[in-house]
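Below, in structure tokens: the form predicted alone, a single chain.
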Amino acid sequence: MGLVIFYVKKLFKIFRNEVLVLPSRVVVGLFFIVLLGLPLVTQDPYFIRIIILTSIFAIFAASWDLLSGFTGQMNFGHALFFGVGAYGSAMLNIHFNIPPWATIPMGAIVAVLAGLIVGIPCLRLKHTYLALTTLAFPIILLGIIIALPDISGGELGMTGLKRITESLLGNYYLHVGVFLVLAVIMWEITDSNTGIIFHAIREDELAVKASGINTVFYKLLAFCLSGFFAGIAGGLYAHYMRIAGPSTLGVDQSFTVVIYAIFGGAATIYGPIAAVFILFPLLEVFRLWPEYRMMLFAAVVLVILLYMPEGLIHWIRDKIEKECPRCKIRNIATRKTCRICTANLD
């Protein structure tokens, strides 16, 4: 009993000193609590379905940010990884009768291989040339899929996939749980030495090379990691919707994920995630006006891009927090001195 009390006190101390000191961390904590406790408030199937799909696309958006936001390798064909994960999982499930819990990580591994296939020829490309080259890969794969209907289902896609679980709450906690775990893992990657190198490559690749760092390895690593997480999202999507179709490789899928990242704030991980949780449900609300749905969506995105060019979450965070000029630690906006080094914040 004493050991339990000791760990509870330790956990509370960490929570008080690490979470409650910043509004953004409090918001993240509340976000976790709300997501995990939502089924206690409502179990409406439609609402649960929206949250599940939002969680899947949040993984997808964060995976794009891990590659393009942090390393600066602009990927306009990110749907390739999502589609490879979806089709890889579907083929293994349909043709080999492998259960979904095994096909999803296997499909993600196939997406990692796709990351290598895309990454190697793109190593020497930058900016517009890189973006257009990455855009070509999902289009090529889509052509192959349509040309092989006996294997891939052709234009109709592959239907009849098995779900991991048929339970409403089981599906909810499975997808939300995977999303939360992967979001934390991606954030930890970007907050590690690897993330610092990714960021440095985006800012000045030549200087990173001059420091003796193998930039080729880290750029390929970014492609592979991004492909893995996007492949997980694709596999989850295919098994939840019970179909893997050409839409998973669509150009609109690739550009939508870019919109999510820019809307929320690139090179943050949490920015694209927040954007998905704002925009995806908002699109469902706009179904009340089907004729104006996409116009309203575009108007919301344009307003954010015009008045908050660094992203909505960046803008909000700068309003509620400020960075210490000396130690670079963030503090609540109402503080006059830094909570760490006591430097003047005004």
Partner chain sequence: MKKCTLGWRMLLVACIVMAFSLPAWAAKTIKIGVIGPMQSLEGRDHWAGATMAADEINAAGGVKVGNEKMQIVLIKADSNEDKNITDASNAMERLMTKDKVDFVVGGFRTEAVFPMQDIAMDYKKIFIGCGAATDALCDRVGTDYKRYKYYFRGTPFKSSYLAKTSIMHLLACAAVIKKELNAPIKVALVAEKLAWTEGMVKLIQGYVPKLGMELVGTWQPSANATDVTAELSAIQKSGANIIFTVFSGMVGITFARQAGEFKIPALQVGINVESQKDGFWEATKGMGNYVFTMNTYVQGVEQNELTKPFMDGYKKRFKGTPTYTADTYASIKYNLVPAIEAVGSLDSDKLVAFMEAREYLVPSGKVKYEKNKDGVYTHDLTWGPGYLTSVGCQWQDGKLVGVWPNNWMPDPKNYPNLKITYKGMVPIKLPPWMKKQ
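Residue numbers count along the first chain shown, from 1. Quick caveat: nothing in here was measured; it's all calculated off a predicted structure.
From this point on, the text means the form predicted together with the partner chain, which you will not see here.
Can we say Phe70, Thr215 and Lys219 each have a non-hydrogen atom within 4.5 Å of the partner chain in the predicted bound form? Verified in the predicted bound form; spot residues all out of contact, no.
Going by heavy atoms within 4.5 Å, which of 289-297, 62-70, 315-323, 25-33 lines up against the partner chain in the predicted bound form? Stretch 289-297 is the one.
Which residue, Lys126, Lys209, Arg242, His199, is the contact with the partner chain in the predicted bound form, using a 4.5 Å heavy atom cutoff? Contact residue from the list: Arg242.
Which residue among Val181, Ile120, Ile139, Leu156 has a heavy atom within 4.5 angstroms of the partner chain in the predicted bound form? In short, Leu156.
Using a 4.5 Å heavy atom cut-off, state whether Pro45 contacts the partner chain in the predicted bound form. Yes, Pro45 is a contact residue.
Contact flag, Ile304 vs the partner chain in the predicted bound form, heavy atom cut 4.5 Å: Contact check for Ile304: no, nothing within 4.5 Å of the partner chain in the predicted bound form.
Can you check whether Pro246 is within 4.5 Å of the partner chain in the predicted bound form, heavy atom basis? It does: once the partner chain is placed as it appears in the predicted bound form, Pro246 has a heavy atom within 4.5 Å of it.
With heavy atoms only and a cut-off of 4.5 Å, decide whether Phe277 touches the partner chain in the predicted bound form. Phe277: no, not in contact with the partner chain in the predicted bound form.
Does anything in 39-71 come within 4.5 Å of the partner chain in the predicted bound form by heavy atoms, and if so which residues, in order? Residues within 4.5 Å: Asp44, Pro45, Tyr46, Arg49, Ile50, Leu53, Phe57.
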